[in-house]
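The chain that follows stands alone, in the form predicted alone, written as structure tokens.
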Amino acid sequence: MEIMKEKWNDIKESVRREYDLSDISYRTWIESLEFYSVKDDVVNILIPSDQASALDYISKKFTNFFKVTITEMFDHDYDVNFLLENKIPSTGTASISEKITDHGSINNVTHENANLIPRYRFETFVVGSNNKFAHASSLAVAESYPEITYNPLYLYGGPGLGKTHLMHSIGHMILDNHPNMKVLYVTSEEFTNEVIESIRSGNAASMTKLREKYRTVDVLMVDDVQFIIGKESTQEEFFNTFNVLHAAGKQIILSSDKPPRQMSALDERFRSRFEWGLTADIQPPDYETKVAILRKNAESCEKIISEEVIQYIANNIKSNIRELEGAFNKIVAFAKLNKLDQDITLAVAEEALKDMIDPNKSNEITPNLIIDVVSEHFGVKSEDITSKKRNSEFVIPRQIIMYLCRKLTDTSYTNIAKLLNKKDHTTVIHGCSKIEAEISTNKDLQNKIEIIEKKINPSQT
């Protein structure tokens, strides 16, 4: 027992080396494991209490790795058992699930064809206390594939916290390890638009093509699934697609701003399916995580960024990672545009972020800010929103802007009309009334506006 305890780090390193574990995998699953005891040729290994949710995955994934390594190192047959640190003592030997799902090769799909963003990988994701469980769950799904660990994996949290990053990371790792698998990432709005176009065409072949696209994949990732809820035709198509893929043993990964149980408009048939697998939340980053993210960004910067600057950003940007990285990029761009040769100092950072950070004033919500956020959310140009164009894709965003300008600012109907190039303020009154009336019955619109408000004023989340 004492010899095994002394050689424990050697055992873990041997597992890393012999099974070619990545640094990410080793740090996430193996590094924190501790030797506990040997009894009746069973080696008991401790899993830290904060990794309790990973007990099942670690047992399935690494029991054989440790069993073979320890047996070979000590020339004696051993079994391996994983124990939770806060539940000692325990008995019994963990077993390995031999269940492997047979995923046939359908198409040789590249990362680009899967709609994956190249920089969104596990290697570039900064793990903190706010996202540790979601990261570990995502990594478990990606590493264990094609064995299905959690199905579906449901990630939830506010905007800009890293849900999309994790989804793309899963897709990249699966394609790195299994390049013949068909992986597809799609936003709920893209899925909705495709369903609407198929229905509008009135062509059975168009709907067949849509179903072949989504129901023949090995891994389907749908971002912001809350936007599908309430859209009857889209919801039904997604429901059937979900059932087909799940029944075929295909991996499904979903993200949303809320857990299923908090989505009041969600049918029970959806809620039960979303909760079949594993739900994992991501919280806003704490100070330490924000600093770690900024330090990682600073590593790729041409100029030296002092710790004082990093702490300044971390202390003043409260909402989410997207805004945090936006502030960092703004400082770098400011230094470059002003041709500052010296390293980036606190004075440079304060000047660059003076419109974002004011210690004596909370962030002001203005009509222009609302226009920018709504335009970004709907993927349209702000100049189109404020123009006289009457295209259908601008109508709802315009009315939402009218509604939010009245709700969140003191701007008059007349001034909102001028801002949106409307001749008469009665158009604004009508737009506000229409949104107010629809919110009470249209849960999809309600969800949209809630998310936009969070983007406008993250401090309320």
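These numbers come from a predicted model, not from an experiment. All residue numbers refer to positions in the sequence shown, first residue = 1.
Missing here is the form predicted in complex with adenosine-5'-diphosphate; even so, the following discussion is about that form.
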(request) From the candidate stretches 137 to 145, 213 to 221, 298 to 306, 124 to 132, select the single one in contact with adenosine-5'-diphosphate in the predicted complex, where contact means a heavy atom within 4.5 Å. (result) 124 to 132
(message) Is it the case that residue 258, even though its partner is missing from this view, gets within 4.5 Å of adenosine-5'-diphosphate in the predicted complex, heavy atoms only?
(response) no
(message) So in the predicted complex, is adenosine-5'-diphosphate close enough to residue 277 to count as touching (4.5 Å, heavy atoms)?
(response) no
(message) Taking adenosine-5'-diphosphate as it sits in the predicted complex, is residue 367 in contact with it (heavy atom to heavy atom, 4.5 Å or less)?
(response) no
(message) I'd like to check something about residue 120: if you look in the predicted complex, is any of its heavy atoms closer than or equal to 4.5 Å to a heavy atom of adenosine-5'-diphosphate?
(response) yes
(request) Just give me the single entry in 386, 375, 164, 151 that has a non-hydrogen atom within 4.5 angstroms of adenosine-5'-diphosphate in the predicted complex. (result) 164
(message) Under a 4.5 angstroms heavy atom criterion, identify the one residue in 183, 253, 321, 228 near adenosine-5'-diphosphate in the predicted complex.
(response) 321
(request) Check each residue of 289 to 304 against adenosine-5'-diphosphate in the predicted complex and list those with a heavy atom within 4.5 Å, in sequence order. (result) 293
